[in-house]
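Just the one chain here, laid out as structure tokens, in the form predicted on its own.
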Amino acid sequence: MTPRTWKIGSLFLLLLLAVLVPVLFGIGGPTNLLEQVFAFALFAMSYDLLIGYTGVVSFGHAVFFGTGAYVAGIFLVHSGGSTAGLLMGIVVALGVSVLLSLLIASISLRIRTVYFAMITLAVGQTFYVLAGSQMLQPLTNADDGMTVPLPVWLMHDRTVYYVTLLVLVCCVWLLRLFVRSPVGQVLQGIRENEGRVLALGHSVYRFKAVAFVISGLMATIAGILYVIAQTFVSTGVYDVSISLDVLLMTIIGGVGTLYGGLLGALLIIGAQTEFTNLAGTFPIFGRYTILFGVLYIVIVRFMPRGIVGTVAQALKRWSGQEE
């Protein structure tokens, strides 16, 4: 079996299983968990576009995720959960995402990577503080968060499940087209050797800015999916822990693999849910962040390509495509 055949077969099997989950297990717990996984999987893949394909590290990528969740939530709340409110929220959220990503790119992408990471962290924390401030309480309900009403056609959990799955599949397809395009190839060249790309006459800043905008848009869509699935949004969507969680998902799944974010999100969200359930009986599971830290060290030390990357490399060796 070639790596390409393995990848296509695995993705088709995963999609088939995802489609059949409501049929096999019913709606409720399993579908609610997977709706959250779908949102974070798209978030992780948007982050992989930066770190894995462009070599840009961000510690504040949750600013786009949170903006998508809050803007969509605000429009839904103030429209009484109408379809028009949802559509307006999506359009405005995507517009804000583009403007925000261009602004951050213009002031930070030309500097060294470590300083860029710090700037994104500062921006993310600024939005976290603003969302919980008394000044914006009429919009965000401050630290109490907002319960978000949904349009009538999204009231059924089965509908929400299939909508989030469909959006995820479409976004994965678009991301795949992007990373395989000439622009995506240049971005990978920037990751490997930025100086060489400059010598070839390409504008590194412009290509990084394009990647940052696309990544921000996908993270914003992930935030919209999250608020639709959870029907609640709070300042936690801007917290730095969200950015660190998605970094962990990307690294565990496989940096630069795109699809690794799917597996990473499934493992991390599933583990968080299970550990939380076990914490009442075994208090040590309440400190699951420590366990995640150990897992991170193990993955980086023994599987630097992540799970998907390591399996793909093993298949290449087995098929004789890699010396």
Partner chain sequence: MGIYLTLALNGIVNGSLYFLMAAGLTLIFGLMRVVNFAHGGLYLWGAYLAAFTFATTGNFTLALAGGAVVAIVLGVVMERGLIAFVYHNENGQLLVTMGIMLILTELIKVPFGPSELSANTPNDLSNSWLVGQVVIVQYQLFMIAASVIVFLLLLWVLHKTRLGMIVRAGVYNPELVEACGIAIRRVFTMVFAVGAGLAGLAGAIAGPYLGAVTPTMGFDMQLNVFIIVVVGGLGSLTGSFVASMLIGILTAVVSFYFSSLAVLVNVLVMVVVLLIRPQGLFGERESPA
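Residue numbers count along the first chain shown, from 1. This one's a predicted model, so the numbers in the text were calculated from it and none came from an experiment.
Below: the form predicted together with the partner chain, not depicted.
Though the partner chain is absent from this view, in the predicted bound form it lies within 4.5 Å of a heavy atom of just one residue from Ser82, Thr231, Gln125, Asn141, which is Gln125.
The contact with the partner chain in the predicted bound form, taken as any heavy atom within 4.5 Å, belongs to Val57 out of Ile27, Leu267, Val57, Leu33.
Although the partner is absent here, Thr289 lies within 4.5 Å of the partner chain in the predicted bound form, judged by heavy atoms. Heavy atoms of Val91 never reach within 4.5 Å of the partner chain in the predicted bound form, leaving it off the interface. Residue contact check for Ile297: one or more of its heavy atoms lie within 4.5 Å of the partner chain in the predicted bound form. A residue is said to contact a partner when one of its heavy atoms sits within 4.5 Å of a partner heavy atom; Ala117 meets this definition for the partner chain in the predicted bound form.
Stretch-level contact analysis of 159 to 167, 219 to 227, 240 to 248, 145 to 153 against the partner chain in the predicted bound form, using heavy atoms and a 4.5 Å limit, identifies 240 to 248. Along 120 to 146, a non-hydrogen atom within 4.5 Å of the partner chain in the predicted bound form is carried by Leu121, Ala122, Val123, Gln125, Thr126, Val129, Leu130, Ser133, Met135, in order along the sequence.
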